[in-house]
Ligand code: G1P
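Just one chain follows, in the form predicted alone, and it is written as structure tokens.
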Amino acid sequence: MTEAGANLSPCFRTAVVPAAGMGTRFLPATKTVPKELLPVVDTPGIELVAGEAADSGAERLVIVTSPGKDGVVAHFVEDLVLESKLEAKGKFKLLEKVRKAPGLLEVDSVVQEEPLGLGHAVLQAERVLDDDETAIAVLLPDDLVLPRGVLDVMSRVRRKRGGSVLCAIDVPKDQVSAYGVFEVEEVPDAVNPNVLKVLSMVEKPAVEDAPSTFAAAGRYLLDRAIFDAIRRIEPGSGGELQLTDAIALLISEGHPVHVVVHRGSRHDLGNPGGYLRAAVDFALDSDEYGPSLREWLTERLGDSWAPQLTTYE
């Protein structure tokens, strides 16, 4: 998945991760533990997303939190007491894991005081950007896009074509109503057939009304013009400012918007079913856990397996 042009430095320095949600689909677990810190095997989902941003050249991570969710940011702060204890006990592999998140990139946070939509959450990051930053990356922590690298392609597309670049996945037609869906057209001079021009976006359309099967996948490379657009859109249901509405406004005003269609896998950490699939997928790829898990799953799902029912008299 490439676009013409050499590998250059990214066209963004700051990656924004909206993490202000309550995680209600994971209650009661998220009563005390933020959803973003739930481990995918042994690594919190937000650390995986931060690692993706760092791999793509981001220098700073801005986490948009809500009141009371300080633990999400604390995960990226050094814990010198814990580190010294692990070092004293010779637990160097664990020490390396503990030190990984604080060493990924600079982390800042802003607070979204009220849950007023994804567009509103993204708008909160404007206040901490440097004046010379012309674009930001937005990574939704519920989405794991694998393998990594789509942000690199998106950077190359923006550098060549300007404007904003989004990530899309091709979903089964009967599932389009769960997504924001793109109306697209081919780019005649594109070397990469997975680069398409966006004509419009439709939020959760009926199957018969969907303009395509290309759906938003939680990765956005947005021109700084997005902030002004968010301020100019009208609130939708529940008084929320939707990012898709702001992008649609930019498109209507001639702002170029493209998508890169990601042909790898995507896991939705925002619901327990997707979270479990991600954990199994990551565990199977692990040298530490993969072999024994694969053996257990084969036995568990084999023809010889039957549920073991225990009755208590």
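Quick note: we count residues from 1 along the sequence shown, nothing fancier. Just so you know, these numbers come straight off a predicted model, no measurement behind them.
Below: the form predicted in complex with 1-O-phosphono-alpha-D-glucopyranose, not depicted.
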Single option in Ala216, Val145, Ile233, Ala210 placed near 1-O-phosphono-alpha-D-glucopyranose in the predicted bound form, where near means a heavy atom within 4.5 Å: Ala216
In the predicted bound form, the one of Lys160, Arg99, Lys204, Lys91 near 1-O-phosphono-alpha-D-glucopyranose [non-hydrogen atom within 4.5 angstroms]: Lys204
Against 1-O-phosphono-alpha-D-glucopyranose in the predicted bound form, would Gln112 count as a contact residue? Criterion: heavy atoms within 4.5 Å. no
My question is simply whether Thr244 lines the interface with 1-O-phosphono-alpha-D-glucopyranose in the predicted bound form - judged by any non-hydrogen atom within 4.5 Å. yes
Can you work out whether Arg60 and 1-O-phosphono-alpha-D-glucopyranose are in contact in the predicted bound form, taking contact to mean some heavy atom pair no more than 4.5 Å apart? no
Test of understanding: in the predicted bound form, would Arg266 fall inside 4.5 Å of 1-O-phosphono-alpha-D-glucopyranose by heavy atoms? yes
Look at the stretches 67-75, 177-185, 100-108, 129-137 and give the one with heavy atoms within 4.5 Å of 1-O-phosphono-alpha-D-glucopyranose in the predicted bound form. 177-185
Let me know which residues along 65-93 have a heavy atom within 4.5 Å of 1-O-phosphono-alpha-D-glucopyranose in the predicted bound form, or say none if there are none. none
